[in-house]
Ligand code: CIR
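Below sits a lone chain in structure tokens, taken as the form predicted alone.
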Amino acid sequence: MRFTHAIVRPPAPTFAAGLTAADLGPPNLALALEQHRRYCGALEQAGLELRHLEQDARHPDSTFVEDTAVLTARGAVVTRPGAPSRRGEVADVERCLRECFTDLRHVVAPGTVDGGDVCEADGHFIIGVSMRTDEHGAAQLAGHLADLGYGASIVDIRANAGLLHLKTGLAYLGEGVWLAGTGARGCLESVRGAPLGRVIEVAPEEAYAANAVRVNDVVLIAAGYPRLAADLTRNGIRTVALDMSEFRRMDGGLSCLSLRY
């Protein structure tokens, strides 16, 4: 699917107070804002028109807009994030989505879903049950997607301590090509319905780079991971490398920073 738009939100002044298990020290807000501007520029260079939400100091994690919704060409599903402190982020995103989608659905209590646990591959959605997405939420989301005409598979990633979200270790790059970090390749082996072609494995020492984003004709990757960059180039994949150091400190990756549609 070719994207034409994306929703983005810059990190708030309270960004450093967000949730994180990374032991990398607090983020530098000024640098995070600059990295976010460059990220937005890369989306625009890929042909996307951006809808910019304002900073939300009430919700330190609000720059990670991907977790608040799952977007498709036929409709959108507003999620219910797994961390209670993040549920207030949904309201602004939902107001924006109402201007863009006529079919808007919701994950409701007791279910929880983070968009980072949802990986779409040519119309088939893999939903990870994780620390943030539970079985109730995954089942609700799969039902909404089925109503919209999409297939879905649910995989349990809770045994892999290195995966906060499914897309922490898995990315679909189009044309049957996947990126898979340590432990994530097993998710693909249990999936039925998704296109399973080449799998490019991400070395353990470059695990963070497994979170990449295909945006039309380019793949956005985190800067500083030369082995993966070389592997993608050898496979004929055009990449743009972006510095993500300050978002990594807060457990965030490239896919987290936008809702693409």
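It should be emphasised that the depicted structure is a prediction, and the values quoted were computed from it without experimental measurement. Position 1 is the first residue in the sequence shown; the rest follow in order.
Keep in mind that the form predicted together with the ligand is missing from the display, and what follows is about it.
The stretch from 229-237, 44-52, 198-206, 65-73 that comes within 4.5 Å of the ligand in the model of the complex, counting heavy atoms only, is 65-73.
Among Val93, Leu164, Ile127, Leu173, the residue placing a heavy atom within 4.5 Å of the ligand in the model of the complex is Leu164. Candidate site formed by Leu19, Asp61 and Arg132: every one of these residues places a non-hydrogen atom within 4.5 angstroms of the ligand in the model of the complex. Heavy atoms of Ile7 never reach within 4.5 Å of the ligand in the model of the complex, leaving it off the interface.
In the model of the complex, at least one heavy atom of Gly252 sits within 4.5 Å of the ligand.
Interface membership of Arg80, defined by any non-hydrogen atom within 4.5 Å of the ligand in the model of the complex, is ruled out. Interface membership of His144, defined by any non-hydrogen atom within 4.5 Å of the ligand in the model of the complex, is ruled out. For the stretch 77-98, the set of residues having any non-hydrogen atom within 4.5 angstroms of the ligand in the model of the complex comprises only Arg86.
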